[in-house]
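Just one chain is shown here, as C-alpha cells, and it is the form predicted alone.
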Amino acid sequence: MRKYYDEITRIAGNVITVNATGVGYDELAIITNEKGSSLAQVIRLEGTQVNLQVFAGTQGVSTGDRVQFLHKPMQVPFTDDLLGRIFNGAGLPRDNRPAVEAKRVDIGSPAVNPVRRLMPDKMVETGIPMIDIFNSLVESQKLPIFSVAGEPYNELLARVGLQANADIIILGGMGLRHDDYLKFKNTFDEGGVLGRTIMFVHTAADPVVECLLVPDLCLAVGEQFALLGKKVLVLLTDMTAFSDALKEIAITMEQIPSNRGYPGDLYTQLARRYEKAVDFEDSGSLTILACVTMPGDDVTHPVPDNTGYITEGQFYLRNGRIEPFGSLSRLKQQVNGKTRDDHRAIMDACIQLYALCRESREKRDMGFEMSNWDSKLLRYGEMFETRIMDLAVNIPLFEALDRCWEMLAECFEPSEIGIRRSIIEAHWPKSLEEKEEKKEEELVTA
C-alpha cells in the first residue's frame, strides 16, 4: 500500500514543495483533492524537501492536498499503434482518439554507450540541394537549424520529414502556435507520410511543464523503434522554447541563474537529449534534426552557443535560404565520397565560385570596374541562388549534381572551375550542338 503525504509547504508557479522521504529524482506522483487528481514529477531533492512540477498547473492545488508517490519515472506506451497518432506533452491523445494501451517504457533514460554505437556512414537524402550536396545529413547525426523568428524553419523541417528516406518520423513540437501545429499535420497528411509519423505537440497555450517532456517522449519512442531495425528521424522545434521552459522552472525554484537567466545545467539538459542520436549495430538508427531560434539573430545566445558544442554542425537559415557560409555538417565527409565520384569536387567548386561572386558583388556595389571574369561570377551567382539555394528547389541528389554541372558549363570554361580534368571529362555537359544532333538522330530513328 502506497503512503500518502499531506505536508505541502510551498506552492510557486507550477511547482509544489512537500516533506517526504524515500523518493527518487524524476519519480512520478499523484496529487489528489476533492476536485480530482493531478500528475506531477520530482524535479529537485533537498533532504526531505521534495520539489514537484505539476503537469496541468497548480490551479486548484492547496496545501491540504495529499501527495502519493508512484516510485517510477514518466513512461510512454510503445507499440505500432502510435503511428499516425498525435499526443500532447503529457503523452495524452490530442487527436480525439482513444488512449494507446501497450507496454510502457521509461522516458529520459541514459544515452547509449558510445562503444555500442556505429560510426555514422549512411546519407539521409532530403531532396534539398543545399543539404544533400553541400552539407549532407547523415544517419544518427544530431544537427540544429539556427534561425530567427519569421524564417520558414518549420516549413523546412516539415519538408525534410516529408522527403527524407526514413522509416519513422517523430515530431516534437514545443511552444508551437496552433496554425504551425496544423501546418505540420496537414503537410504530413497530404504528403502521405502521416501513417508512419508520430507527433508529440505542446502548444503555447498548454502548461509550460509539458514542454519539458516533449523531447524525452519523442526520443524514448524513437529509440525503441530504432532497436527494432527502423530508421527513425526525430524533428524537434523549437529547442529555444524548451530552454525557456527550463529557465521558467528554475526561476520558480529560485535557483541561482547563469548566463541571461538560464539554469547552470543548460548544457547538460540539452546534451541529455541530443546525445540520444545513435546508429545501432545490426539494428536501426535515430537521427535528430532540431530547430533553434536565436533571439536577435545572436549566435552567442546561451541556447545556440551551448547547442553548437554538442551537435555535429549546424544549418543557418536566413532570408528563406540555407546559407552556404557558416552552415556545416561535420560528418558529410563520411558519406559524400560514396554517392558519386564528382560529389566532393562539385561541392568545393560551387562554393568557391559563389564566394568569389560575393566579392565581385561588393566590387560592383562600390563602383569598381567589372572585368569579364567578374561578369561570369555575377551570372553564376544568380543561377546558383535560383537553381540550387532556393528552398523551393526539390530534386534528387544526382539530378542536383547534374544541374550544378550545367550551371558551370553555361558560365565558365572547363579550365576556370578548378576541378580535375578526369572528373570534368566524365561529367562536363555536352554542347548544345551535340544535344541537338542527338535529338535529331533520335527523331530519325523513331
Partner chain sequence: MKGRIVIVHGNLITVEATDKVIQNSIAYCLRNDGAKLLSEVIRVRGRLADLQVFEETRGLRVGDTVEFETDMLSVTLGPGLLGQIYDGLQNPLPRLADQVGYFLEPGHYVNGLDQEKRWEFTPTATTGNKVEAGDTLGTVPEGIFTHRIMVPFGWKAGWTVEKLVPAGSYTVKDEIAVLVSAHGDRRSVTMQQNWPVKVPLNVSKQRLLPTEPLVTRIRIIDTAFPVVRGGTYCIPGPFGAGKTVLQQITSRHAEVDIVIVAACGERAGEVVETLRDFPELIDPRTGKSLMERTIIICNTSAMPVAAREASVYTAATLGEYYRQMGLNVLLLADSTSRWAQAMRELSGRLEEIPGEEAFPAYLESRIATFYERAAMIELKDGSFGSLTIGGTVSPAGGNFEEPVTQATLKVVGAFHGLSRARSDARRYPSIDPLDSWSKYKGLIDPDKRDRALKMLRRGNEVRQMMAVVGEEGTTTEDYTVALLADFFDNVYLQQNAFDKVDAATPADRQKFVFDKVLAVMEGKYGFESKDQARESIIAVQDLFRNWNYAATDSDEYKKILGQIEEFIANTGAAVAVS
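By rigid core we mean the largest C-alpha set that fits within 1.5 Å across both forms. Residue numbers count along the first chain shown, from 1. Predicted model, so just to flag it, every value in this text is computed and none were measured.
Beyond what is shown, the protein has a form predicted in complex with its partner chain; the following relates to that form.
- None of 104 to 112, 159 to 167, 79 to 87, 230 to 238 except one has non-hydrogen atoms within 4.5 angstroms of its partner chain in the model of the complex; the exception is 104 to 112.
- A heavy atom within 4.5 Å of its partner chain in the model of the complex is found for one listed residue only; from S371, N319, N186, T268, this is T268.
- Put simply, of G127, P207, G91, P304 only one has a heavy atom within 4.5 Å of its partner chain in the model of the complex, and it is P304.
- Contact annotation: S283 falls within 4.5 Å of its partner chain in the model of the complex, judged by heavy atom distances.
- By the criterion of a heavy atom within 4.5 Å, R272 is counted among the residues contacting its partner chain in the model of the complex.
- Contact check for T197: no non-hydrogen atom falls within 4.5 Å of its partner chain in the model of the complex.
- By the criterion of a heavy atom within 4.5 Å, V299 is counted among the residues contacting its partner chain in the model of the complex.
- Not one of S136, K247 and A392 is positioned with any heavy atom within 4.5 Å of its partner chain in the model of the complex.
- Of the residues in 22 to 58, those that come within 4.5 Å of its partner chain in the model of the complex through at least one heavy atom are, in sequence order, G22, V23, G24, Y25, D26, I43, R44, L45, E46, G47.
- When two forms of a protein are overlaid on their rigid core, residues whose CA moves 2 Å or more are considered shifted, and I11 is not one of them between this form and the one not shown.
- Annotation: Cα of I423 displaced by less than 2 Å between this form and the one not shown, core superposition.
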